[in-house]
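Next up is one chain by itself, shown in structure tokens, the form predicted alone.
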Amino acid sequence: MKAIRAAAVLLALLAATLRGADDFIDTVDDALSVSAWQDNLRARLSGSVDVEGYRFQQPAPSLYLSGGDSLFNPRLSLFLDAQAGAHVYVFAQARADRRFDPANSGAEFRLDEYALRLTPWDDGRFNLQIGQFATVVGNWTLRHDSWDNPLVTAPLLYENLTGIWDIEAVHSCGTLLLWANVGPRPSAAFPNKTRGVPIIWGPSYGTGASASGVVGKFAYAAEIKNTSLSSRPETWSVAETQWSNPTFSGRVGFMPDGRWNLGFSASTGAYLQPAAQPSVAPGSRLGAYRETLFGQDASFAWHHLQLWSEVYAARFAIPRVGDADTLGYYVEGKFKFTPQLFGALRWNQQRFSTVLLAAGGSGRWGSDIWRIDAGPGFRFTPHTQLKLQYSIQDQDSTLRNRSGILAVQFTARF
């Protein structure tokens, strides 16, 4: 009881301090917004500062890169939004952090997003967008920013690395099991962290073009990108990956009323990078190694309750070996107890199909896994919030079965 009271007092003192700083942030907001030509040209620079801390057991889970059992990850994000009239919109996002995914490494500065969007009609029936931007697939990318994500981490299917590599082609089912660390002699030191790919890598900021719009209760979006949904951040830029093997993705949505948003997504594209060309099977080409994905998503909002879910079935085609299938999904909820205090809970699971081995028999090409994420969040002011998250993960693996992950994230936006 004393600990609870002490925590309540500490939160009250922190909230009072941050409210005092809120006026300063409002002043900064005004200074970073400009307009001209009778408000026909508007531009605004905004941003956020995230301070994250993680505690986990070795080997480090998901996409985290750390040789120890803890990780400190500060991040500065800058957003530029500019609009010329009602039909031309430009946005960009730059970040300074320790890599796109949490890592014990030096700081770097990146331009993660930049795009030009043209909207010929005022009713939003058609939008054309060109640049580097988040995928149109699913619904998590719409709320992947730290301020909008009710939890600290992404859903499991955006983080869980598989035995598929993007820099070398699989030559046999035995190799696939070895790369997935489910072979006869798995090794925690095997370099899957720097070679394996998930079903979707975060918001997948690939480079390309998209068309989207809303017509009545229906929404549509289609895109062509330079790299697949599973591709790592280093390949998203047009300077790194050209369009010799483009990826095509799309989503169709239906909104029966203001509470529901239902969607169906699909994507297909080559998951191997050009560097993998020497390793492809004789007579094959990079474009034959394709990731094909089908997904469904749903969101629901009613009073203080919000619910989201996504289900993805993905197939990695491997010439002369076969198809490697996996199914991943999550169900997530957020409930606002007060205008400032909220809680979030998410159930994640991913399962892998079996592949036929050359020596006979079969085996799963990945370790089936589930994870539950839960934690509270508190918005001190319209510009600051604190989130805690504890995750329990259980994996059908000989390396380690059950483990826990503790995460804390403080965000200040301006």
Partner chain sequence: MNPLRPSAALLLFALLAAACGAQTIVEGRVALPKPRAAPVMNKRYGIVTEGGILSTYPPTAVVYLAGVFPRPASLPVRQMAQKDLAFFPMLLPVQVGTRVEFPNFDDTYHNIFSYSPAKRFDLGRYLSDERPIPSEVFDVPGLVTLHCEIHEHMRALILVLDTPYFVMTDTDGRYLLSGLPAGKYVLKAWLDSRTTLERPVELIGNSTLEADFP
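If you're wondering where the values come from, they're calculated on a predicted model, not measured in any experiment. Positions refer to the first chain, counted from 1.
Not on display, but discussed next: the form predicted in complex with its partner chain.
Engineer: With its partner chain left out here, work out from 267-275, 157-165, 229-237, 133-141 which stretch has heavy atoms within 4.5 Å of it in the predicted bound form.
Structural biologist: Among the listed stretches, the partner-contacting one is 133-141.
Engineer: Any chance all of 303, 339 and 381 sit within 4.5 Å of its partner chain in the predicted bound form, going by non-hydrogen atoms?
Structural biologist: Each of the three qualifies.
Engineer: Is there a heavy atom of residue 86 lying 4.5 Å or less from a heavy atom of its partner chain in the predicted bound form?
Structural biologist: Heavy-atom contact with its partner chain at 4.5 Å: present for residue 86.
Engineer: In the predicted bound form, does residue 258 come within 4.5 Å of its partner chain, counting heavy atoms only?
Structural biologist: Contact check for residue 258: yes, within 4.5 Å of its partner chain in the predicted bound form.
Engineer: In the predicted bound form, is there a heavy atom of its partner chain that lies within 4.5 Å of any heavy atom of residue 123, even though the partner is absent here?
Structural biologist: So residue 123 counts as contacting its partner chain.
Engineer: Is there a heavy atom of residue 117 lying 4.5 Å or less from a heavy atom of its partner chain in the predicted bound form?
Structural biologist: Because a heavy atom of residue 117 falls inside 4.5 Å of its partner chain in the predicted bound form, the answer is yes.
Engineer: Which pick from 58, 35, 354, 70 sits with a heavy atom within 4.5 Å of its partner chain in the predicted bound form?
Structural biologist: Among 58, 35, 354, 70, a heavy atom within 4.5 Å of its partner chain in the predicted bound form occurs only for 35.
Engineer: Using a 4.5 Å cut on heavy atoms, which of 388, 51, 345, 43 is close to its partner chain in the predicted bound form?
Structural biologist: Checked against the cut-off, the match is 43.
Engineer: Does anything in 198-214 come within 4.5 Å of its partner chain in the predicted bound form by heavy atoms, and if so which residues, in order?
Structural biologist: Residues within 4.5 Å: 205, 212, 213, 214.
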